[in-house]
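Given as structure tokens, the chain that follows is alone and in the form predicted on its own.
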């Protein structure tokens, strides 16, 4: 009876996922996708067709250091496998997305600002020892970008650029269907391209980076500055009424209500992002540019400014053959992309 209930539970998740993606499910081979973040980690079993069989999410507890975090990665992975009645020998491969600077060829995490103590950690070697399976590691933004290319808004395209707008701004570049890593695994740092000289200081130490101008942190900072000079605005009233810190969510809420102050903040961020997108269009000539991350929840209220500025600045013929759209996979992009890079390496 328990096995029947388990099968029903898995099938329900598959059906829900199919409703989300609009595609048929076939089991095929099973891969493990892991998305490691500074706050949380997620492990999911993914079929070779890209469907989620089961998923488990727990806190990372990054402050405990690399060894304990790695043990938690193994633990959450084995938990999701037990839930789905999948044995290690049935896994075809494992992929993991990790925040920070990596050596993907050696499988080493060289440095991660969100994971204290992670310096030259041989993550691939440790996971191989735990699972006795092929393990592929890559930067978390690259992995999320690959997820969108494989099963999300970029499906069917070979030249894809993905922006991830959150606390910071990450990016991933897909060329000829594969992640572009650059000469030392540093390609795709879209958030740290300079948009305006002498702009606000970025966490990386530079001034005027896209991240310092259009990330969730930057938008909220601009909002706090603006409501001090516009105390009667709808945005100021929302913030005072909620008795909570100002967030991008409140700014978008005020904008939907027609508040001019909030609209001006979003237009400014969208314009800066549009400048970056125009540069990317002229530089890489992608088929599609995808905007993801928490800030992308603003939808068309943000994208319309991005498109308008990119159209104004990009070469006309290149802009015409580039779509600019919102991401589809939300927080699933990381685990789906992680499995996807494992599939690409070991089909």
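Predicted model, so just to flag it, every value in this text is computed and none were measured. Positions refer to the first chain, counted from 1.
Below: the form predicted in complex with another copy of the chain, not depicted.
Visitor: Name the stretch: of 249-257, 90-98, 124-132, 193-201, exactly one has residues whose heavy atoms fall within 4.5 Å of another copy of the chain in the predicted complex.
Guide: Among the candidates, contact is made by 193-201.
Visitor: Report yes if all three of 189, 313 and 321 come within 4.5 Å of another copy of the chain in the predicted complex by some heavy atom, otherwise no.
Guide: Yes.
Visitor: Can you pick the one in 287, 40, 29, 64 that has a heavy atom within 4.5 Å of another copy of the chain in the predicted complex?
Guide: Spelling it out, the residue with a heavy atom inside the cut-off is 287.
Visitor: Identify, from the list 78, 221, 85, 181, the residue with a heavy atom within 4.5 Å of another copy of the chain in the predicted complex.
Guide: If I apply the 4.5 Å criterion carefully, the residue I get is 181.
Visitor: Residue-level contact is defined here as any heavy atom of the residue lying within 4.5 Å of another copy of the chain in the predicted complex; does residue 275 satisfy this criterion?
Guide: Within the cut-off, so yes.
Visitor: Using a 4.5 Å heavy atom cut-off, state whether residue 173 contacts another copy of the chain in the predicted complex.
Guide: Residue 173: contacts another copy of the chain in the predicted complex.
Visitor: How about residue 72: is it within 4.5 Å of another copy of the chain in the predicted complex, going by heavy atoms?
Guide: Residue 72: no, not in contact with another copy of the chain in the predicted complex.
Visitor: Would residue 283 count as a contact of another copy of the chain in the predicted complex, using a 4.5 angstroms cut-off between non-hydrogen atoms?
Guide: Although another copy of the chain is absent here, residue 283 would touch it in the predicted complex, with heavy atoms inside 4.5 Å.
Visitor: Who in 146-170 is close to another copy of the chain in the predicted complex, meaning a heavy atom within 4.5 Å?
Guide: The stretch 146-170, when checked against another copy of the chain in the predicted complex, contributes only 159 at the 4.5 Å heavy-atom cut-off.
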